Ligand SMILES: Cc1cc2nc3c(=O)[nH]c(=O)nc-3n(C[C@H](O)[C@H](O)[C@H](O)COP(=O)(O)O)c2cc1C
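Let's start with one chain on its own, the form predicted alone, as structure tokens.
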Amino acid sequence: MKVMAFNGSPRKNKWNTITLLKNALQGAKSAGAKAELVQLYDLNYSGCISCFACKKLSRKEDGVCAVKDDLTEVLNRVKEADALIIGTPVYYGVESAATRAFLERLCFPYLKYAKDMRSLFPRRINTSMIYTMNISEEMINQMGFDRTFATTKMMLGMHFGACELLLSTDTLQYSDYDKFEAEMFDKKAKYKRHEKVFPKDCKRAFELGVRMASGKVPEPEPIPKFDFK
């Protein structure tokens, strides 16, 4: 069992996203899985360049992105993975730019332009998205973040396997709120929440890692029907 995790945060060694990912990988290892952590911000790559090489009828292999850069070998290793855990901070309501570019390159080659929109990935594997964000849980729906999360969840479920979301809300952005703009925040409440709630998020991440390494892949949600006429 191999679990691959991807850190889509520029904070590579500590802070919210990477801490949750490390806890998830600890959970996966405790269940007997081999774990790999990929730092997306260490790689030089682009998103999809719309070359459509992966859709050519003359292509020699399915599910291969023709773009050659630092992501190429990573995508090759995904083919051998049994579970994927992708962590990202939320910037302006969506995944970080590095995460979004990775998702484009990860998913699009496996999308077959057929009426049933079936995936070309050869098997079903567990997938998950860990989102960290500054807003409160109550604000997710108010600001429309839920639609972004649902779309990515559907996309991963459609291509690989049922996707689980872990949302870590109202996170601590600064280690010292006195050194940065922070008038709109209650810094004491931020510190208190981080101390009391974030350890619970870490525990949830550990448990998610255990589930990702279980080898049990639930059926994904039905793909919405589209009329392309």
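These numbers come from a predicted model, not from an experiment. Residue numbers run from 1 along the displayed sequence.
One more form of this protein, predicted together with this ligand, exists but is not displayed; see below.
Undergrad: Please pick out the stretch from 106-114, 88-96, 73-81, 151-159 that is in contact with this ligand in the model of the complex, where contact means heavy atoms within 4.5 Å.
TA: Of the stretches listed, the one contacting the partner is 88-96.
Undergrad: Quick one: is I135 in contact with this ligand in the model of the complex, heavy atoms, 4.5 Å cut-off?
TA: Although this ligand is absent here, I135 would touch it in the model of the complex, with heavy atoms inside 4.5 Å.
Undergrad: Any of the heavy atoms of N23 lying within 4.5 Å of this ligand in the model of the complex?
TA: N23 lies outside the contact set for this ligand.
Undergrad: Even though this ligand is not shown here, does F121 get within 4.5 Å of it in the model of the complex, heavy atoms only?
TA: Judged by the heavy-atom cut-off of 4.5 Å, F121 is well away from this ligand in the model of the complex.
Undergrad: Quick one: is S30 in contact with this ligand in the model of the complex, heavy atoms, 4.5 Å cut-off?
TA: Contact check for S30: no, nothing within 4.5 Å of this ligand in the model of the complex.
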